[in-house]
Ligand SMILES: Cc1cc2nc3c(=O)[nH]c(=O)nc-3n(C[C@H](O)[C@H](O)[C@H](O)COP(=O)(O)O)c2cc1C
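Next up: a single chain in structure tokens, the form predicted on its own.
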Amino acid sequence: MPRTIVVFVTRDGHSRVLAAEIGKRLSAPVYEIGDLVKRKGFVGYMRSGAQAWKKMATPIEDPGVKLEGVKFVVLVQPIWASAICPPIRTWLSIHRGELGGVRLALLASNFGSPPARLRANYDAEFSEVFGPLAAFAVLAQRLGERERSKIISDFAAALERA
């Protein structure tokens, strides 16, 4: 069983790319949470933000990850309303009992949301249940390749030190 796994959700594909990059960097398998809520277009964008702001859990297709023996789970998600996005929230809820002793890390993509608010929202809502994040980083969707590579390398290094 791998020591680290990557679990992600995406609305427009950006988080899929990030998940693949960090999975390759960490030699970790990557699993996609199937989001069963319609999120395309302007209405889907607004729905995503509203559900995240309300701290909703929403229906997902669980990728069926086996967590036995896993030490780290890297969550990769877009930032919606500076919160843990609903499909990740649902996945955490479903697997809460299996995540005892597993450290979480969070890698997020954004289009302008303040990263500090996402971290503060995670800490306020989830750190008591899952512990502090082993690593945290946010990548703006418009970063150049050099900046992007440095952030991913720094994130991976922080996770390896944890």
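Please read these numbers as outputs of a predicted model, since none were measured by experiment. Numbers for residues come from their place in the sequence shown, where the first is 1.
Unshown form predicted in complex with this ligand; subsequent notes refer to it.
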Item checked: residue 132, heavy atom within 4.5 angstroms of this ligand in the predicted bound form -> no
Notebook entry, point to check: If you check in the predicted bound form, is residue 72 within 4.5 Å of this ligand, heavy atoms only?
Noted result: no
Margin query: Although the partner isn't part of this model, could you tell me whether residue 31 comes within 4.5 Å of this ligand in the predicted bound form, counting any heavy atom of the residue?
Written below: no
Note to self: Please tell me whether any heavy atom belonging to residue 82 falls inside 4.5 Å of a heavy atom of this ligand, as the geometry stands in the predicted bound form.
What the structure shows: yes
Notebook entry, point to check: For the chain seen here without its partner, which of 47-55, 121-129, 95-103, 62-70 has a heavy atom within 4.5 Å of this ligand in the predicted bound form?
Noted result: 47-55
Checklist line | Residues of stretch 10-34 in contact with this ligand in the predicted bound form (4.5 Å, non-hydrogen atom) | finding: 10, 11, 12, 13, 14, 15
